[in-house]
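Just so you know, structure 1 and structure 2 below are the same protein chain in two forms, each on its own as structure tokens.
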Structure 1
């Protein structure tokens, strides 16, 4: 088995992009193939696979997103930004125009920004109940946020006080039958915050687009929702910007880079 790939990342959330304009990868992309591609030592290595598919005449592009464990996923905020970068660099779309990408979570509006970054409308984050997150026997209050996937946001005085995140933080209060992503966030003045994220099933990661949106929603709640609000969010892998528009939609903006292209052989 052998096929072409592109490797890219957004704030070090990284992806193997598989162009499949003629649909020939259908059938080949079994979960074990995705796992092999994403294996950081035995394969290319990535957080997930972005299969680039043609959709229909009105919305020509579909993002078939797979997690590194081979499972199908609905959406990925950094992923769709890297997906858009691929389309533009391959000459398949005009970056001077807005782009619509179809996903399992519905249509996503993508914008190529003047500063070279790429932005995507992530919809409306929905704040929920409170909970308690425990790390190394230390308890932190948390707020739950739904951004299509579940999050618990913990505001801390300093990210240093969180300590090592080798194992999943323990939480109670809100029920998450499928697990939850946990963000720790430190305010750094004005609209500037820094966050660390523990992704369910993965561990601590360099970046999480939906996590950044969840954090922005919690910050906006504290700031009295004087929309439009914009937050600069420092993640371990770079800097994201989340703007909350008057319609409460969160727009996730940041760099999206392609770093390699080639052929993978199993």
Structure 2
């Protein structure tokens, strides 16, 4: 089994990008292959795999995203920016024009910004019920948020309270049969917050784009502010910006870089 790959990241949330313009890699993306690709010692190393597929004449591109454990995910905010960066650098799209990318969470509108970053309309985050998350022998109230994939957002006085995130924190009060991403957020003043995240199917990552959108939605609800407004989200891997517009859509903006390419042989 041999096929080309590109490695990229958005605020150090990293991905193996697999160009599959003719659909020939469908059988190759069994969960064990995804796990092998994402293995940081025996493989390329990544938080997930982005398969670049053709879709249809009106919306030509589909992002097939898999978590590092091989499971299928509906959406990835950092991933869709890396996906768009690949399409632009491969000469498959014009970065001077808006781009539509089809995902399991529907169409996403992508804009290549003048400052070199990429912005994505992530849709409307939907706040749900309350839950409880336990970590480091402490229990915290949490708010569930749907951003195409499920999240629990926990506000803490300090991210130091979270401790190590080697394993998924225990949660209850809300049902998540397929797992959930858990964000811990500390207010830093004004529209500035810091965030850590434990992603389902991956573990603690340096960043999560959908998680940043979930955090912004919870912060805005708590602040009682009406859109439009913007939050700066500091993550271990860098800085993301989430703008909540008057139509309640969350726009995620941040860097997306391609750092390597090669051929995978197994």
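Numbering follows the first chain given and starts at 1. Note that the structure is a prediction, hence the values are computed from the model and not measured. Throughout, rigid core stands for the largest set of C-alpha atoms superposing within 1.5 Å between the two forms.
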Chain form predicted in complex with a further copy of the same chain, by structure number:
1
Is residue 113 one of the residues whose C-alpha moves 2 Å or more between the two structures after the core fit?
no
Shift of residue 64 between the two structures at or above 2 Å (CA, core fit)
no
When the larger rigid part is held fixed by a C-alpha fit, how many degrees does the smaller part turn between the two structures?
11
Just grab the Cα shift of residue 166 between the two structures for me, core aligned, in angstrom.
3.6
